[in-house]
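Just the one chain here, laid out as structure tokens, in the form predicted alone.
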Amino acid sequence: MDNFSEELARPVTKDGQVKMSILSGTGMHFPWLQSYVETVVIGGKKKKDFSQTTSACLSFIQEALLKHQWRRAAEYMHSYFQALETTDGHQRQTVPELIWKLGSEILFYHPKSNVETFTTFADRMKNIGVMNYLKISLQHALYLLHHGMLEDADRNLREAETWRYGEKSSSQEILINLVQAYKGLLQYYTWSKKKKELSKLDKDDYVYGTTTRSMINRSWKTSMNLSALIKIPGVWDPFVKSYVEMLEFYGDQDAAQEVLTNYAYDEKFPSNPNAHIYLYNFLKRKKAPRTKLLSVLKILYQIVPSHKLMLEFHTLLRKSEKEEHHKLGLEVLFGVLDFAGCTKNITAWKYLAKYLKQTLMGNHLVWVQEQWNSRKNWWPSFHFSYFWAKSDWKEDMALACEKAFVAGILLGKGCRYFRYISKQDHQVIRKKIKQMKKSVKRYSIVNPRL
């Protein structure tokens, strides 16, 4: 393993041959593969043998990776380097990238790998496949970040930022933008760290405070490339959050809101629920009018109806004076509980139980029936089976009571879930169950008495 990165970039000898070792460090030997490699190197067979050998090697590497057999994959990689000697024009472009992807994956997980080995491999691969220089530089920087080597990652990104090969293509431009973005993210990290240090300083630490404040301002200026990046259509969540935090810190609220608004509503950008979440949280911090908050959450509801903010959306709708908002508030609660991940959300069940009663008391039986008609064929088994009644009661009595009330309202007192819970006798919730029975008898939509 110590020579793994060297093997990946081992140069061709003067006579055009590549020295390969098929005998592994663990004693594994592949005689048929050895014969193929020797034949290819000396040029004594047809070209198809070369293709068959490399193809077989690649298959073994992929199989080893799928099984997380990192040592075995590394052993096969020693033989796959011969693919760099291909004369096929298309493969000469694709093989270096493939070797980088396979080799970096192995080095990331191999038990004997380290940062130095990975860095040596990355630096050599940059020079083998120049068209992959930016991709490798970016992935190398992320690897260094993963290991906490921020300065090395920053230096790697700065070198990549100034790299050019031939005419600037659109693909190169995108990668350069990404390189600049991650460099900006690193600068944001430095800025954020210094900001925290500044907030902890005593008033007497004037000299250090002035120096730190100066560094913060300098980081802010060098992070402006984030501004250019997030104007390009795409998903830039961490960069947008970082840039907006900086804008807010320096008091430019209008610019921060403009960035978030464009990120959420510009049709050139892909649909992204996080964009609406960031905008909503910003508007909420700035105590924006309820109408603005509702408009943002309404779009989020259309994208992710099960999001946890939907309970806030329901609360805002309920406080509205518009009847259409009250109706939508009921729809939102049903929508949240349509998803398996929300079935144990006691807050959602509490809201629905309470709002069902309020809605029926307000003579809006039709609203409830509209929501229930599209669910009555699957909600009973999804939420209100006998199995769930026993399970919910055992795990969380409070949740079981809220669900039992909703089940009784929607399915009547004959519902198996409601019957099981209503027959339980527990001192803590005995009064609650008694009240639940009375409410179900009065408000159940099975036999409406309104």
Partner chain sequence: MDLEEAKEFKERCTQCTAVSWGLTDEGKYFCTSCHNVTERSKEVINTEAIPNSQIKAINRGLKRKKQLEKGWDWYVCEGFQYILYHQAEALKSLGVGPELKNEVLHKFWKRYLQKSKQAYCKNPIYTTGSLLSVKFPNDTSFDMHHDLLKKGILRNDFETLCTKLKSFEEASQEMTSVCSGSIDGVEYSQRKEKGIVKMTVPKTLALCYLSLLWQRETMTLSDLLRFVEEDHIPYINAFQHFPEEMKLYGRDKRIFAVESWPDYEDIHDKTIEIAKFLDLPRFPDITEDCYLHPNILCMKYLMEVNLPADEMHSLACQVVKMTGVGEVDFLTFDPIAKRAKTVKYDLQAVAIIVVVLKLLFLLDDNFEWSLSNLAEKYNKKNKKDKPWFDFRKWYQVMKKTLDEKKYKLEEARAKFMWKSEKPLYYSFIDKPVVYKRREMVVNLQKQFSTLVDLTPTVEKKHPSSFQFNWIEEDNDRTCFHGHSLQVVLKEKGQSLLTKNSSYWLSTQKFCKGNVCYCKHLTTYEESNFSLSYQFILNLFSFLLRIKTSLLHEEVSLIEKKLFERKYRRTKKKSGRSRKSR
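Quantities reported herein were computed from a predicted structural model and do not represent experimental measurements. Positions refer to the first chain, counted from 1.
Although it is not shown, the form predicted in complex with the partner chain is what the next lines describe.
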(request) For the three residues Gln371, Lys431 and Arg442, verify that every one has a non-hydrogen atom within 4.5 Å of the partner chain in the predicted complex; reply yes or no. (result) no
(message) Going by heavy atom distances of 4.5 angstroms or less, which of Leu411, Cys57, Cys401, Ala389 would be at the interface with the partner chain in the predicted complex?
(response) Cys57
(message) Counting any non-hydrogen atom inside 4.5 Å, which residue from Arg72, His364, Lys101, Lys284 sits next to the partner chain in the predicted complex?
(response) Arg72
(request) Examine Arg164 and determine whether its closest non-hydrogen atom to the partner chain in the predicted complex is within 4.5 angstroms. (result) no
(request) Using a 4.5 Å heavy atom cut-off, state whether Arg92 contacts the partner chain in the predicted complex. (result) yes
(message) Residue-level question: is Asp396 within 4.5 Å of the partner chain in the predicted complex, judged on heavy atoms?
(response) no
(request) Answer for His78 alone: is it within 4.5 Å of the partner chain in the predicted complex, judged on heavy atom distances? (result) yes
(request) Please determine, with the chain shown alone, which of 136-144, 271-279, 179-187, 109-117 has non-hydrogen atoms within 4.5 Å of the partner chain in the predicted complex. (result) 109-117
